[in-house]
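Both blocks below hold the same protein chain, though in two forms, and each is given as structure tokens: structure 1 and structure 2.
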Structure 1
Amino acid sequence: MRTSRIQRRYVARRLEILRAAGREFRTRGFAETGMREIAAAADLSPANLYNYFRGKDEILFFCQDSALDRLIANLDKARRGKMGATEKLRSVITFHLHCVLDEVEGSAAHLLTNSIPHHLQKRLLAKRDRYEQGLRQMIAAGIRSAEFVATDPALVTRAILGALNSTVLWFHPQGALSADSVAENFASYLIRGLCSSRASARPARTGRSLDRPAANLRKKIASKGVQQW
């Protein structure tokens, strides 16, 4: 019992550090933020901080890993639900946006993905692939049930994820729009396009599907220096 309490306190403290680090990354920039600044923001001594994280790369990895775990858990829950494809997709979109806009560590992680060392990125990419594949299957199910228009699920999935994650580049908590408002409006806009009666009146364009191995797509993206979702 005592061991479990100690473990819970340890995990809770790591999350506090995570949020403090996320704020510093967004304010100062990842390159300009050192462990000393993170320690001060988390109200710890630099020496004590190293009891929780070995370096800022590990903190950033934990940011991304934690955000992906939440996204995957919510997606799995939505897919098991008894609601229709439209409401399932709405719940995933709104949760995703709250994850990256409301949670400091989530937004910092999505802004700074390419700052994570390669050996840690590989572990995260597996989770990203799982999340993308799950969302793609949800959209494909909506197409089969005729809730969504006939289209390429891979194309739609990447368009949605790109739109959602781009919000961290311009959203400001003290801006004109709240995270709730952005989430609801994005969900309505993206779903309305997928369910468009006008789009259903004409066939989707055929051609090469985007449903090809993610690893090949990443190599092409990386060669051009473009950030992935």
Structure 2
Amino acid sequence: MRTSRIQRRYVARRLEILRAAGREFRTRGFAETGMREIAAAADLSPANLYNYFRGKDEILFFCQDSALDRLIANLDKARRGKMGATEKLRSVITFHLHCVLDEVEGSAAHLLTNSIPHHLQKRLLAKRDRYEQGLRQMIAAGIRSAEFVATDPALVTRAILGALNSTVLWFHPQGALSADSVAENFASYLIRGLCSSRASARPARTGRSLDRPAANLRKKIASKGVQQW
């Protein structure tokens, strides 16, 4: 056989650990979750974890890395499609939510955790930037094609990602609200904000401390050095 049984069992055990760790990270947070708890959740002794991962950092790294891979793969697929910007964006939003809400080992995709070593963090930030830039370009294309209203694509991208990622903070898999319905409603709302509205969304100024004209609407934003979603 191509891959030996012990190899297959090894990677399966790794995946089990990642799932258990993701579950714990999600509910308790990274810093609040100890290796002993991860081990208990994965039915292992704490010491045995180190046969599968170099340490706690690496566990979180692979959680985030695999989630980002799936997100980027879906994004690229959507970008290559022939549908309009609206449908593309809808597909990305719903997939992102299902990825973050359904697949528990990927639900740690939003954790910042600057306590993870630099060389790992750099790789994650690079992937995250790539995802964010792809989404931004998708929105910018929709603006150019006049499907979307003229706004700052970078800021809208971050608003969307912030809304999507923070769902893990309140969503309960067993709750009354399904991931599907969250995805449907979020997609409708977040996309509608990009389509020109009937009524003017920017009425007469209220006059309260916001007197400076919003002239920096399309200010360029450095894509590098972005720390977080």
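By convention here, residues take numbers in order along the sequence of structure 1, the first being 1. If you superpose the two forms and keep the largest set of C-alpha atoms that fall within 1.5 Å, you have the rigid core. Every value quoted in this text rests on a predicted model; they were computed, and no experiment measured them.
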Legend entry - Of the two forms shown alone, the one predicted in complex with the DNA: 2
Legend entry - Is_shifted L161 between structure 1 and structure 2 (CA, 2 Å cut-off, rigid core): no
Legend entry - Threshold 2 Å Cα movement between structure 1 and structure 2 for A187, core superposed: no
Inset, instruction - For F30, decide whether the Cα shift between structure 1 and structure 2 is 2 Å or greater, given a superposition on the rigid core. - result: yes
Inset, instruction - Having superposed the rigid core, state how many Å the Cα of A41 shifts between structure 1 and structure 2. - result: 3.4
